[in-house]
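First, one chain by itself: the form predicted on its own, in structure tokens.
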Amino acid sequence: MRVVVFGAGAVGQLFGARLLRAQHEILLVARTEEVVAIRGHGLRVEGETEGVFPVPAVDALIDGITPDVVLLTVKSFDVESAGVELGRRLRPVPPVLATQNGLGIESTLRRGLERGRAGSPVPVVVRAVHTIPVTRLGPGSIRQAGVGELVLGRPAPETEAAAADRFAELFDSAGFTVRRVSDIEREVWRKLLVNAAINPVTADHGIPNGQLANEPWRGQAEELLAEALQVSRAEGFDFSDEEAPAELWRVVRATAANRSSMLQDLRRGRPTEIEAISGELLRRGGVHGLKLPATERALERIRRRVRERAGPGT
């Protein structure tokens, strides 16, 4: 299968490496420093996946390519602009798999595709979430810290169902654990609850995930989880008082040595996904008249950290 991995950071690079090994035709679209490194010494992967992979990589989409599918692995704050670029460069746009953290990803992506004049037929967008822990070690070098899984829905529309089946077969061929669910939105919320508790605390304090088992960080994470649960229930996703904490601490244990993506972004001086996680929780909570003081504090602290990293005048 011809696959474009658009926005190939650590997660996208892992997808590309494993799919290349499974004999698919891969093109990574990544930042220039990543492309230079991958072209120079191959894509280096450590941990659960090991090897050096000669994956073709470019820093901008090439006109005239006709992939069968696109794996969109940009961060949430780049989804709309990525959609614009896909709409402008690909004719037609093939099915796109969106794996981002946060809420409202599909509508944001479709807005970008429309701005890019993707045209008719309307591109198929398939939503997914994953729990595969990947850390960037340097340009063109990553470490897969655990196994995790890719979760895909079973959409009702025939075109979306066929695309979801294709993505499931693609990842299965590369040895990823793929789980199909009837309600992907519930899985999006399940991961959001965990991200809302883990990411702001680890990024603010500069700690690996496993440290959240200790105070004072444990209490902060639990407070954020409780507020996120209020919003999820108001939105119609009623996770129990036992289910949500159990999932949080399961993920913390499974990724104890990992540094959250938000912490990695903060240390690299890049934007974070705080707006798509805590910011969106605050927005939706406000619609329901909910007060979320811990979430509000976490959002402001990460915003301040981002400004400090960016330097004067920001």
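Note that the structure is predicted; figures quoted are calculated from it, not measured. Sequential numbering from 1, following the sequence displayed.
One more form of this protein, predicted together with a small molecule, exists but is not displayed; see below.
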Fill in: Non-hydrogen atom within 4.5 Å of the small molecule in the predicted bound form for each of 220, 274 and 297
no
Practice prompt. Give a yes or no for residue 101: in the predicted bound form, does one of its heavy atoms lie within 4.5 Å of a heavy atom belonging to the small molecule?
Written response: yes
Worksheet item: Should residue 49 be counted as a contact of the small molecule in the predicted bound form, where contact means heavy atoms within 4.5 Å?
Response: no
Discussion item. Can you tell me if residue 73 lies within 4.5 angstroms of the small molecule in the predicted bound form, counting non-hydrogen atoms only?
Written reply: no
Discussion item. Contact with the small molecule in the predicted bound form for residue 30, defined as at least one heavy atom pair within 4.5 Å: yes or no?
Written reply: no
Practice prompt. Could you tell me which one of 110, 191, 89, 136 places a heavy atom within 4.5 Å of the small molecule in the predicted bound form?
Written response: 191
Item to complete: Have a look at 54 to 62, 285 to 293, 258 to 266, 22 to 30 and name the one stretch with heavy atoms inside 4.5 Å of the small molecule in the predicted bound form.
Response: 258 to 266
